[in-house]
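What follows is one chain in structure tokens, specifically the form predicted alone.
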């Protein structure tokens, strides 16, 4: 069974530790712009919502890639960008319905969460448990739908 990230917006304080840990893990510096996980800030409601790639079972980004630069890691199940194959066409960024595949202008390549090889830096860095790495057998679209319904219900309750 693969593991997946579980994101709990009710526990997120918007501290950005996840974004900082991710950028450090991949880029060697602290810069949220280079993070593969993002925090949506709803300042009027005082809410923060973490989001990143859900590793869809039928990954639209992978299916759309014309050069097969997004491949499945057999150990983690993560859909990973093979940088030396990526031509920077950005088709995967258009195909992803959640906006979690991003273009890195400096490299001319795309970047997305790959679960840090099975030990996500964002989950390790999260001080509130809003991001956890758990056994999971339902990644992708259904997970995102349930998450969206949950966050929508939070907004309705306020």
Partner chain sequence: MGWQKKVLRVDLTAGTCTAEPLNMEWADRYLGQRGLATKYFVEEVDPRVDPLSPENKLIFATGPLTGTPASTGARYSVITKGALTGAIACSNSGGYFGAELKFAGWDMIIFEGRAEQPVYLLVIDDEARLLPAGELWGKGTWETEKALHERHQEPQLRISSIGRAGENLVRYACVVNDLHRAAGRSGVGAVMGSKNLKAIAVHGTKGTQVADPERFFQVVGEKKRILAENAVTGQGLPTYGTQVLMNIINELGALPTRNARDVQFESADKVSGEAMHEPRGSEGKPNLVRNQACFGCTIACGRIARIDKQHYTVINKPEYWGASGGLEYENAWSMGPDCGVDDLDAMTYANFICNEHGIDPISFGATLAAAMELYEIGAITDEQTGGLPLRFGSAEALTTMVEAVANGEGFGKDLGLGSKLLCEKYGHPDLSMSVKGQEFPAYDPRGIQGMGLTYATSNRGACHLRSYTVSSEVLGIPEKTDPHTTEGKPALVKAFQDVTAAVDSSGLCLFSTFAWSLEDIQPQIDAACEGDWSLDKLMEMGERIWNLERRFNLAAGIDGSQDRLPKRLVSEPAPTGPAKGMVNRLDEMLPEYYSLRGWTPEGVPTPETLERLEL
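Keep in mind the model is a prediction, meaning the values are calculated, not measured. Residue numbers count along the first chain shown, from 1.
The form predicted together with its partner chain exists for this protein as well; it is not shown, and the discussion that follows is about that form.
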query: 129, 32, 99, 118 - the one with a heavy atom within 4.5 Å of its partner chain in the predicted complex; finding: 32
query: Listed residue (51, 48, 26, 133) with a non-hydrogen atom within 4.5 angstroms of its partner chain in the predicted complex; finding: 48
query: Output flag, 88, 93 and 95 jointly within 4.5 Å of its partner chain in the predicted complex, heavy atom basis; finding: no
query: Exercise: residue 43 in contact with its partner chain in the predicted complex, heavy atom 4.5 Å; finding: yes
query: Residue contact check: residue 109 to its partner chain in the predicted complex, 4.5 Å heavy atom; finding: no
query: Distance check, residue 62 to its partner chain in the predicted complex, heavy atom within 4.5 Å; finding: no
query: Residues from 79 to 98 in contact with its partner chain (non-hydrogen atom within 4.5 Å) in the predicted complex; finding: none
